[in-house]
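Okay, here we've got a single chain as C-alpha cells, the form predicted alone, with questions on binding and movement later.
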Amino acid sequence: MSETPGLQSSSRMHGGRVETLRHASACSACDMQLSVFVPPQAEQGPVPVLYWLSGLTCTDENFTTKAGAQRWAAECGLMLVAPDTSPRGEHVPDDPEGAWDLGHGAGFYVNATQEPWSANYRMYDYVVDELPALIEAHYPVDPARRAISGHSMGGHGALVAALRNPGRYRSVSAFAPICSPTRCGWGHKAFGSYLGDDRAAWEEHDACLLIERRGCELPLLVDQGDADGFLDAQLRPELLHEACATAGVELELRMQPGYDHSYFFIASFIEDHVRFHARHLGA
C-alpha cells in the first residue's frame, strides 16, 4: 500500500483550497480519509496547523462543510486538518447491533487492545503520530507549531492527546467535550469494548484524571452549550472545572446560553477558537 495520499477532490475557498485525501494507514490497517484546508499563506512558506477531531457518527466532512472555520483560518494563516473518526471498510469490525456509539464513526481516539477491535481501532496513534507525519511530509507546515481541537468525542480526544503529549501542541480547545469518559455511559461502553476491564488504561484516556495527576500547562479553552441534551449524563463539564481547580490549571470554560450540541453551536463560536489557536501558534 502506498504511503502517498491520494487526492480525491480539491476546491478553491477563501483564497486557499479544501482538499479531500485518502491514504493507506498503518495504524488502522485500512484506507483513511481526511480533509485539509490549505490557507493562501502556505504559498509563501510553512504555516501552523490546527488538527480537528470530530464527534460520534461524524466523518471528516462534517467539520469541513458545516463549521465555517476556513474563513478564519485563511485570515490567520492556519492549516486545518480534519481526519475521520474511525477506521472504516468491509473488513473493519462494526457494532453487530448497528449502534451509533461503537464501531464505525466511534473510534474514541484510543488504541484498542480487545478483539475484534485491536487490529484496526488505533485512533490514538493515528492522530498523535501517523497523521502529523503524513501532513508534515506532504504539506508546507511548521512541525513546531501544532494545535488541536475537537467536538464531543473529538473534544475528549483532543484534550487527551494534548495532556498525554507535553510539548507536541501549543494550545488545545474543545466544544462540548466528553470530559470524563470513565464516569459516563458513552465512555463505559467504548472503553469496556476497546480496552476491556483494565481500568488503568481507561484512566489514561480521561482528561479530568490526567489533569488531576499531571496538571496542564497549555492554554485551554472549552465552550459548552447549556441547552445541550447530553450535558448532564455524558459531557459533565463540571468535572473538568473541578479537576482544573484542584490542580491549579487555568481553564476558560464558557457556558453558552441556549446552545445545543449541533454544528450550529460550533459555527457560532469557531472564530473564537481559530483566533485562540492563532495567537498561541504565532500565526
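Numbers follow the displayed sequence, beginning with 1. No experiment lies behind these values; they were computed from the predicted model shown.
One more form of this protein exists, namely the form predicted together with a further copy of the same chain; it is left out here, but the text below deals with it.
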**Fill in**
Exactly one of Q224, S28, Q41, T64 comes within 4.5 Å of a further copy of the same chain in the predicted bound form through a heavy atom, and that residue is T64
**Prompt:** So which of F191, W117, Y124, W72 gets a non-hydrogen atom within 4.5 Å of a further copy of the same chain in the predicted bound form?
**Reply:** W72
**Request:** Give a yes or no for G45: in the predicted bound form, does one of its heavy atoms lie within 4.5 Å of a heavy atom belonging to a further copy of the same chain?
**Result:** no
**Asked** Can A24 be called a contact residue for a further copy of the same chain in the predicted bound form at 4.5 Å between heavy atoms?
**Response** no
**Request:** Choose from 212 to 220, 231 to 239, 46 to 54, 251 to 259 the stretch whose residues reach within 4.5 Å of a further copy of the same chain in the predicted bound form, heavy atoms counted.
**Result:** 251 to 259
